[in-house]
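The chain below stands alone and is given as structure tokens, in the form predicted on its own.
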Amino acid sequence: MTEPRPRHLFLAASAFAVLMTAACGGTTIEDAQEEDNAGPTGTADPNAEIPEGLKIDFLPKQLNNPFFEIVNQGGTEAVEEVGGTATERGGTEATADSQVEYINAASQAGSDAIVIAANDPDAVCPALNEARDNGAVIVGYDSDANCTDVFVNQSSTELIGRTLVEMISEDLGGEGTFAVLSATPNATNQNAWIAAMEEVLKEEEYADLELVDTVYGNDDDLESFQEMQGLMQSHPDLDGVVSPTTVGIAAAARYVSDSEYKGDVAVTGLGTPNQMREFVHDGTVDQFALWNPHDLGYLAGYTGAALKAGQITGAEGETFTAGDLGEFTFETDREIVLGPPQVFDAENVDDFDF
């Protein structure tokens, strides 16, 4: 990482301040929590010391995913800063069954905190609840489960959905048809963002935009590439594609860049500058967005340590310091938000290295 990590340097420009005002609303975490998920109990002690030697396990949706590799680098850095040990666990397929196996392994190894990007909001919960019974606190990030103690949200669901609609609208000049190339059908974050997009599309400003299809590449590069190919076969007059997943947007851009659709089909969504740079410079992609994945992992790591130490319980109004990122406040129960996404285009994509 060469880009500095202080939080204020990664907030979006003034255009996003307008979007933040327009998108301020409830978050999905409160709706997602099950009644039997009591989370940490008692009163937080912000002066509590984080004990040395914490074992914190990171379970991404899958290994060998460029986005989660960067997230886990940030998480590992945070854990090492508090004197703990970070372990990355997971399989190469983005499935709930795979995650259950590694949740159990973390629990058996005496994990103090499990930090997970869930592939399914419910299927992973029996294993996570058992891990909690064994002494682990449970932190969700990127994609929440219905049984975490707290959730580290990369941005607000409403703002992400609005940003995705804004970008495809700008790319298409305000009118046309587009499809969504998502990750897994049960990914809580993907589904929440798509639902938020659908709400934004009901606004009069977007009356001439039509979402015609949603397909799933399961966060697999080849499968996402094939789904993009299938979209163009099913909708030969399609004007654009929005992929709210870093694997999907790269696969979609690669397909379009080498096809007859280059220059005619817009591709946008959520991606990292390093994977999307070539497609911006060759004209396949005009713009895309993302938060800083390193900072997401870093914040999740500090959140796990603070939760285990008793500095926080996740209650609304609690505040804690996440290392170099500074102070964060729980604006709602059990949810902390990293910040608004950053939009990248030809003018700024080379300024970032992640």
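Just count from 1 along the sequence shown to find any residue number. Bear in mind that the values here come from a model prediction, so they are computed numbers and not experimental data.
We do not show the form predicted together with alpha-L-rhamnopyranose (RAM), though everything after this point is about it.
Contact with alpha-L-rhamnopyranose (RAM) in the predicted bound form, defined as a heavy atom within 4.5 Å, holds for exactly one of Gln154, Thr284, Ser111, Gln99, namely Gln154. The partner is absent here; in the predicted bound form, the one residue of Gly161, Gly90, Gly217, Pro244 having a heavy atom within 4.5 Å of alpha-L-rhamnopyranose (RAM) is Pro244. The stretch in contact with alpha-L-rhamnopyranose (RAM) in the predicted bound form, judged by heavy atoms within 4.5 Å, is 245-253, chosen from 124-132, 227-235, 245-253, 207-215. The shortest heavy atom separation between Asp142 and alpha-L-rhamnopyranose (RAM) in the predicted bound form is within 4.5 Å. Taking the partner from the other structure, alpha-L-rhamnopyranose (RAM) in the predicted bound form has a heavy atom within 4.5 Å of a heavy atom of Trp193.
Looking at Asn65, you'd find a heavy atom of it within 4.5 angstroms of alpha-L-rhamnopyranose (RAM) in the predicted bound form. By the criterion of a heavy atom within 4.5 Å, Phe328 is excluded from the residues contacting alpha-L-rhamnopyranose (RAM) in the predicted bound form.
Contact here is defined as any heavy atom lying within 4.5 Å of alpha-L-rhamnopyranose (RAM) in the predicted bound form, and by that definition not a single one of Thr268, Val343 and Phe354 is a contact residue. Shown here without alpha-L-rhamnopyranose (RAM), the chain has Leu290, Trp291 in 285-315 lying with a heavy atom within 4.5 Å of that partner in the predicted bound form.
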